[in-house]
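What follows is a single chain, given as C-alpha cells, in the form predicted alone.
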C-alpha cells in the first residue's frame, strides 16, 4: 500500500526562486565584498567565514542531533597544522598542497572515528561525548606544545609558504565555501536523513527499536563534520600563514558552542550569523577593552540561555514573521493530507503460517546482583498466537519483554527468534530477526510529523535519502489498516507532540508494523485509553494474529481484555512462569485469583 502525501508550504519559504534569489545575492556579495569594504574588515570577515563553517558542524551535531561537543576546534586545528607542518618541513608544491589537505582530513576523520567509538557505543550515556570532547582539545594542545621545534610549541608555526592568492580571492573562496556549505547543509537537514538526526535527538531509544544503529549514525556524522572542520582549518592556515596551539584548544571549542547558542542552535543560519557578528565585533572591541569585552560576551551568553534559549536569530525571525502576518504578507502552512491508494507492487504484511516456533526461550534468567528478577523462564510461541503475559506488578513481565528485544538484558539462558539465536546484540539487531516492540508509554518522535515518523520506521526496507523527502509513503497492509482505522491518515502532517494519548499509541503501533515484523511485543498498549479505544486496539490485535499470522506477546493487567482477545495466557509471579494455558483454563483459575489477590502461599518458590 502507499500513502501519497501532498502539502502546500508557505510561499515565502517554498518558492524555488525565493531561495535562489537569496543564494544569488550572497554569491554576488562574496565577489564584490572585498572591493567595497574596509581592508581590515575584509581580513576579519575571511577569518569569520572559516570559523562559521566550523560552527555549522557544531550546529549539526548539537542543534540537530543533540550531541554537545567541544572538540570541533581540534579537527579545525588538525587541518591547519597539516598545512603548516607539510609546508614547513616537507616543502611546497601542488603535490604537497594535496598531501596536506588530504592528510589533514584523513587524520581528522580517523580521530573523529575514535571519538565515536569511545563515546557512542550502545548504552553509553550522552555525558560521555561531552567528557571525551572536553578531553580531546586538551590532549591535542598538549601534543602541540610538546612537539618542540617540529610543531613550534607555544609559539606555533609562522611564515611558511602558502597558496599565493590575493585577499580578494581569499574572500570569495571563504565566503563562497561557506555559502555552498550552508546550502548543502540546509538540503541535508531537510532530507529524510536530516529528519533522522532530529529523531535521534528526540528519542534515541525508539530509533534503536526501529532497527537504526544510532551509534553508527552519530559516528559517521562526527567523521563527516570533522572533515569539514579540517578543510576550514586548512584554508585558514593558508590565508593567515600562522598556526598556534590555541586553534586546537578547549577555549576555541567552547567559543564555537557559545556562538551557536547565541545565534540559535538548530537553525543553521543562526550559528553562521552569530559567529560572524561576534567575531567581527570582537575584533574591533577586543583591542581597546579586552577584559570588558570578554565579560560582555559572557553576560550576553548567560542572558540568552536564561531568556532566549532558542537564540537571537529565531527571535528576529519570529518578529519578522509576526510583522508580515499583520500586513497580510504571510501565508500559514497548510496541513499535509494523505491519499491512500493500493500499489500494484505493494508490500504484503501477512506472515506465512508455520509450525516452526517464532520464539523459543529456554532457562532465561535476569539478575541484578543478588536480586533475581526472572528465573528459569521456558516459553515457546508460534505464528498466529496472541499470548498474554499477566501477573501482578513486579512479576517481571516488562523485564521479560526487554530480555527478548535486547540481547544485552538477560543474565543467562537462550533465546531463539525465528530460528536466529539472540546473542549479546542490541535492539536494532533484534529488529532484523523480526521483532517489533511497542512500549507501555507511547514512544514516538515529538518533533516529527506522523508521516515522518512512519517514514523513519521504513528505513530498513527503503534507505533514507540525504537530499530529498519522498512524497509517497510505502507501508505494509497491516500498518495501513491501523492508520485508516484510527484516523491517522487524516492528520499525516501533524507533529506527534500534538496528538492525543490514544493517537500516539496508534502511531507507535503503526510504526512497529511498518517494520514488517513477524513478532509483536506489546507492553500494555491500552494503558490510559478510553473504553472505545481499548475495544478498537483489541480488534486490531485479534485481526493481526488471525489474518496476518503475527505472533503477538502482550503484557496486560486487565483480565477482561485478556479474556476477549487472547489465544493463550501465561501467568508470571515472582519472576517465574506459574501457569501457561488456554484462556478458559487460566483466567478463571483459582491460582490466578490468588496471585492477583496476594493471598495464600502461591508466591513461594519451589
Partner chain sequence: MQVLILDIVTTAAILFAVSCGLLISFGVLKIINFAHGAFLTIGGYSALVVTQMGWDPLLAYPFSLLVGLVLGAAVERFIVKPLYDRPLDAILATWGLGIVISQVITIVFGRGVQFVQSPVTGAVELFDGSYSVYRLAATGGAVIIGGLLALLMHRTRLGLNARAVIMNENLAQALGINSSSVRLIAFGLGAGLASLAGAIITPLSSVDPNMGVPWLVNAFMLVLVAGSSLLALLIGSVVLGGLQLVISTYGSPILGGLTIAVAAALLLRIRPKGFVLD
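None of these values were measured; they are calculated from a predicted model. Numbering follows the first chain given and starts at 1.
Absent from the display: the form predicted in complex with the partner chain. The rest refers to it.
Note on contacts: among 309, 487, 394, 419, the single residue with a heavy atom within 4.5 Å of the partner chain in the model of the complex is 309. Screening 371, 110, 532, 139 for any heavy atom within 4.5 Å of the partner chain in the model of the complex leaves a single hit, 139.
Contact check for 407, 536 and 582: none of the three has a heavy atom within 4.5 Å of the partner chain in the model of the complex.
Using a 4.5 angstroms threshold between heavy atoms, residue 68 counts as touching the partner chain in the model of the complex. Proximity of residue 186 to the partner chain in the model of the complex falls outside the 4.5 Å heavy atom cutoff. Taking the partner from the other structure, the partner chain in the model of the complex has no heavy atom within 4.5 Å of any heavy atom of residue 220. The closest heavy atom approach of residue 428 to the partner chain in the model of the complex falls outside 4.5 Å. Heavy atoms within 4.5 Å of the partner chain in the model of the complex belong, among the stretches 436 to 444, 513 to 521, 118 to 126, 457 to 465, to residues of 118 to 126. Within 4.5 angstroms of the partner chain in the model of the complex, the stretch 238 to 265 places a non-hydrogen atom from each of 250, 254, 257, 258, 265, taken in sequence order.
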